[in-house]
Structures are given as C-alpha cells and as structure tokens.
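Quick setup: one chain, the form predicted on its own, written in structure tokens, and binding and motion questions come after.
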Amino acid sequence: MMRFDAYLKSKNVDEHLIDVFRSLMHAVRDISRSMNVEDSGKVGSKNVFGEEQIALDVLADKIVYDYMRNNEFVGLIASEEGDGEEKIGDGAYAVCHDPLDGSSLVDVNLSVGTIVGIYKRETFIGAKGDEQVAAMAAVYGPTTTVLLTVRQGVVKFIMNDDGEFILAGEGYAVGEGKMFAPGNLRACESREDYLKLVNFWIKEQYTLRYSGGMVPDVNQIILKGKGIFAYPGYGDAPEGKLRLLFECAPMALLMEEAGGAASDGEKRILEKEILTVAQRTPIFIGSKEEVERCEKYL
C-alpha cells in the first residue's frame, strides 16, 4: 500500500508542496469525520455572495483555513465562503478552495466534496487555471476519496479507518461513452439550444447520472472514463452559477490531466483569466467529443 506522500515523493514533487498536501489531507480527514457528528442544519448566516450557509459549510471552511494558516509554505489563501484573498505569510504556495461543494445536499445525505487549486503566485487575480501546479477534489460518500493531480495524470486515494490516504487507482483516461449530468436544466426554458442538446442526449439513450453536485458528478466521469457535466448560463445569470477560481479551474485541470476537456462553450476553462475571486463561468466538462458537441450546440 502506498500512502499519498510516498506517491508524491515518487513523482519528485517539491517537499514544500508535499507538506501543503499533508495539511490538506488532514483537513479532508477532519471534514469527513465531522460529517457523522455535526449538525447539518442552517446556521442563519450567509456567505459574501448571499448564499445561506449551513453548519458544515462554516466548519469545513474553518478546518481548511486553520490547517493552511499553520503551514509555513502557504502564503496566500482564498475560500468560496470568504471575502477575497488573504495573504497569511511568505510561503510560495497559494491555495484556493471550496470547502464543501454541494453543501445543499448534506441534509439529504448525498455526496458532497472539497475542491482545491494550488498556484505559486502572490495573487490569484490575473492568473489562469493553466498556472495551477496541482489540484484535488475530495468526495465524502460511502467512503472518503481524493482525486489528485500534480500535472502527471490523475490518481485516486481512499481514506482508511486510521485516517490515512492510500493509493487506490491511477492512469485514469476519459474517453467516449453515453453518460450525462445536465446541470441548470431551468435554462432550457429560455435557451432553445440547450433544450436541443439535452434532447439529443435523451434520444441517443445516454445514461443520466446527475447528483446535484459538481464534485461527485465530475468524479464519476473521471472514474468511469466517460461522460459530460454541463452547467450553462441563462437569463439573469449569463455566466451560470459555478465559480472559476474555486470550482471550475481545479476540476478542469483534473479533467484535462485525465485526457478530457473543459470549456465555457467557446474557450478552454484553463485559459480564462481570473479577474475577481467571485468570477463565475459556464462550464462543459468531460470527454473531448462531448465538450466539442456542447460548443457546437451552444
């Protein structure tokens, strides 16, 4: 059995970055364990974007922040639950995170996750997702797993009963296959092009696999090696709901490292410049053929 740190050493990853991952894995472990004991009800507060927070949102954010602040190699942090970026030291690494993606699913016991992107920058503003040195996505389901890339492909780790992360899979490759996760279906009311695309998937007898959460759906596409996750913009939300820095760029890096693609309909997600930490973007992420189909239809 190979632990995550031994794997990273085998890939000649910088020791400082390994230490950052060590802190992140501790955070994932603590969030996972909190799922079983913490209240999932509303806390009555909202994040800076006006979205109602739940108890686990707040706790997960605190857990990640505390570990990052105590890591000397992290100099900059930003959270989807927070307000802007925060310089915390002189460390070379900048860590952005969505501490509990899909948190509205917690109270019905569906899978949720944590998304992390890592850069070597003094600010996230002006960066592009292509500059990420690493990315990871944790899934809290029947087991706790982590998809991780250090730009040498994608690997999967599983948390054992001792809270250690053991290598459980590698060499993931996303190819063609009929599976779809259509987010933001309400856009079909005003977007005939998206309705036509959804109807194509249905008429071609694609398998519907949509959980309501980006992390479990994209995780499934990578592990199954096929499929498409779509979240277009529409009406009053032309840029959609998902945020470029915290969600789309890290997941796009994971997907591309697994041989897939990610686009906003016109441009690679990883080529989009981050203008604000709150920036949103439409996203179509999965196999290259399916992403190209989205671009043609939309």
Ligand code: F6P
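One-based numbering along the sequence shown. It should be emphasised that the depicted structure is a prediction, and the values quoted were computed from it without experimental measurement.
Although it is not shown, the form predicted in complex with the ligand is what the next lines describe.
- Site annotation in the model of the complex: the residue of Gly75, Gly82, Gly141, Gly213 reaching within 4.5 Å of the ligand with a heavy atom is Gly213.
- Checking Glu247, Asp61, Glu256, Asp264 for any heavy atom within 4.5 Å of the ligand in the model of the complex turns up a single hit: Glu247.
- Partner proximity in the model of the complex, defined as non-hydrogen atoms within 4.5 angstroms of the ligand, places exactly one of 223-231, 152-160, 124-132, 85-93 at the interface: 223-231.
- The ligand in the model of the complex comes within 4.5 Å of a heavy atom belonging to Leu242.
- The ligand is not shown here, but in the model of the complex it comes within 4.5 Å of a heavy atom of Gly102.
- Lys178 falls outside the set of residues with a heavy atom inside 4.5 Å of the ligand in the model of the complex.
- For the chain shown alone, Arg186 is a contact residue for the ligand in the model of the complex, at least one non-hydrogen atom being within 4.5 angstroms.
- In the model of the complex, no residue of 261-298 lies within 4.5 Å of the ligand by any heavy atom.
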